[in-house]
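As structure tokens, one chain now follows by itself in the form predicted on its own.
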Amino acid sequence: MTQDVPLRERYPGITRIPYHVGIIMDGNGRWAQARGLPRMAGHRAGTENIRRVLRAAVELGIKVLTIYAFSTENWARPPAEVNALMRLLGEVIRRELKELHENGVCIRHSGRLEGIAPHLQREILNAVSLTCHNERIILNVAFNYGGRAEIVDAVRHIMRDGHPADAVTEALISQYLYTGGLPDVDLIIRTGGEYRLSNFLIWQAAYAEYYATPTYWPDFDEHELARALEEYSHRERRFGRVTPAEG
């Protein structure tokens, strides 16, 4: 019967919903190894889990979900694993795009296209173009993404567009980031038990709340997401200010 109760009602401790949530989807390989499976089995399971978490995010009222799918540092992994991850992304786009579009999901890509195979670049751009007017939720896929690379690219574009030095502000830089037009992230969730940002949304996360769980990403379900939002609801976001009581 509890499955028929809306997720929000099952977790009355959720009193605030973050507008923008970022997830570092860590632990796929360790999930597989714990089961005696090859690492790619974990990556496939992790990919399948995106659908479940995205559905829960919609139900809970999250408007932007940014997922860390492949970092600029991931190119240093064994070539066979990198190639398999690239193929997996293409498979996911071809399999899921129609349903995501029909369900009102707007897909965005954050990261560099350079280095990605041309046919995969076309599939990414097609998914972004097809869904660009959807408004139910934004699924921002950080693929071939690095926070420092993002800032470097933003500065290069600002210079290329001829902005003088005294015109450069935080707002201008934000416009030139891959996430231009999106609000800063409110909550970053990291699965897999680690406690670091790993070059993820380092500009946008300046005042984000951080939540870490030992749960591996393939096991991170709607209930885990709800518990993260409960914890977020208990946080007091000050943005560098102090409360009146603290003087």
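The structure presented is a predicted model; accordingly, all values stated were derived computationally and were not measured. The numbering used is simple: start at 1 and walk along the sequence shown.
Beyond the structure shown, there is the form predicted in complex with a small molecule, which is absent from this document and is the topic of what follows.
Colleague: Within 4.5 Å of the small molecule in the model of the complex: all of T66, S110 and S174, by heavy atom?
Modeller: So, no: the whole triplet misses the small molecule.
Colleague: Taking the small molecule in the model of the complex as the reference, which of I116, L85, L130, I138 has a non-hydrogen atom within 4.5 Å?
Modeller: For this set of options, the contacting one is L85.
Colleague: 174-182, 194-202, 52-60, 207-215: which one contacts the small molecule in the model of the complex at 4.5 Å, heavy atom to heavy atom?
Modeller: So the stretch in question is 194-202.
Colleague: With the partner left out of view, is I24 within 4.5 angstroms of the small molecule in the model of the complex by any non-hydrogen atom?
Modeller: Residue-level check for I24: yes, a contact with the small molecule.
Colleague: Whether T47 contacts the small molecule in the model of the complex should be assessed with a 4.5 Å heavy atom distance threshold; does it?
Modeller: It does not: once the small molecule is placed as it appears in the model of the complex, T47 has no heavy atom within 4.5 Å of it.
Colleague: Just checking whether E81 would be counted as a contact of the small molecule in the model of the complex - the rule being heavy atoms within 4.5 angstroms.
Modeller: Residue-level check for E81: yes, a contact with the small molecule.
Colleague: Does R77 reach the small molecule in the model of the complex, with heavy atoms at most 4.5 Å apart?
Modeller: R77 belongs to the contact set for the small molecule.
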